[in-house]
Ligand SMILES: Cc1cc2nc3c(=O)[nH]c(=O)nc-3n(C[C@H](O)[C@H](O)[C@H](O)COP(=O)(O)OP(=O)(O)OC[C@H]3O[C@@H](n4cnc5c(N)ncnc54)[C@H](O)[C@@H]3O)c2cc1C
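Below you will find one chain, with nothing else, as structure tokens; this is the form predicted alone, and questions on how it binds or moves follow later.
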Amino acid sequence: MKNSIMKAGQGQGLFDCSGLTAYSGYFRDKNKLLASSSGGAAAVLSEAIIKEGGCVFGACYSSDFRSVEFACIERLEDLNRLKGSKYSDSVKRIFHDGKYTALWPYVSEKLSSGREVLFTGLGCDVAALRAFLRANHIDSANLFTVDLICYGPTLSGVHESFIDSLERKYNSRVKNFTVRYKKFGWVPPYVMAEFENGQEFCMKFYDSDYGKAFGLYARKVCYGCRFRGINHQSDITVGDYWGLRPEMSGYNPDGVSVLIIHNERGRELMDKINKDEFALMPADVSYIIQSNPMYYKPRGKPLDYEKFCGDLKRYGLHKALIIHDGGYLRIYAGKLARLIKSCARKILPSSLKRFIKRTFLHRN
């Protein structure tokens, strides 16, 4: 459905939605829907390409879950590797035949084989791929591209520090990790980690150190992102249908995706969706973009950005966040208390130490 209102957005100006078409949708299969971050739009498009003999590129976690990289998926049963939001900066590499190789040449190799290729990533990822293909005169006729409505990935150090802290706390390696676990449905999101020793960590994402950092600190370039609004270089943009309320048509408590179509190539890709498996319906593009301002504008940069980056490297994620909250004393209070206790043990006579312990420490 073409939009009837051609302007969307508030605050920093209006965005012209003319020429865009939008849909909303979700997997009808509840298990597939729960495994997706929102409604599963990227997953259903990926399934369509693979069923036709093509391959799909998308972001995944490294084998140790300490970084985000890319994978090339050619079988439906392997698509789970790409599911779930990745909120950290990605490394443009792919693991193939027991070693890492550069991402863009590997995509080019697949395109040159004559197969259909779907590339999913952030707006800057799609732009970088297209620039590489143009510079190397590689035919992109078989390429479909999907980008994500992007808040801006947080610093890679945030993700790695968070995984480190979990593994220290649980004394075990992470074997599964997600920042969009649907514990009670679509919202609120939970961060969940499973460990090799059988233990599990689960917490509301925005209550966690990871969520707090993601809400404030992105890569420096993200604050001036050029690949939004009319500068999206993908065929389709997908994301969560924020703004969809329970009383509105098409709502699903387990997640709903939006799909914004940019061009004819995007419409070709949309036609491949299996409507029996994916509930797809027209949507008001102006309302969708108004509810998803990150489609057309980047987020603001915190005043303490540089300081946080330095503190993250020096202290790690948890202490850096405490400092951000003005908690320098909270960092050192524990160390000071331990130092005083140690000195007291060395200086005070035994009789006085026994009196303090009996009088103050053993009170109920």
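Just so we're clear, the structure is a prediction, and the values are computed from it rather than from any experiment. Sequential numbering from 1, following the sequence displayed.
Quick note: we don't show the form predicted together with the named molecule, though the next part is all about it.
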| query | finding |
| --- | --- |
| Candidate spot Val158, Pro189 and His318, all three touching the named molecule in the predicted bound form (heavy atom, 4.5 Å) | no |
| Heavy atom within 4.5 Å of the named molecule in the predicted bound form - residue from Val238, Val285, Ile163, Leu244 | Val238 |
| Contact residue in the predicted bound form, chosen from Ile260, Ala213, Leu148, Leu143 - any heavy atom within 4.5 Å of the named molecule | Leu148 |
| Contact of Ala59 with the named molecule in the predicted bound form (heavy atom, 4.5 Å) | yes |
| Contact flag, Lys272 vs the named molecule in the predicted bound form, heavy atom cut 4.5 Å | no |
| Any non-hydrogen atom of Tyr87 within 4.5 angstroms of the named molecule in the predicted bound form | yes |
| Ala48, heavy atom within 4.5 angstroms of the named molecule in the predicted bound form | no |
| Options 102-110, 191-199, 133-141, 286-294; stretch whose heavy atom lies within 4.5 Å of the named molecule in the predicted bound form | 286-294 |
| In the predicted bound form, residues of 42-70 near the named molecule [heavy atom within 4.5 Å] | Ala42, Ala43, Gly58, Ala59, Val68, Phe70 |
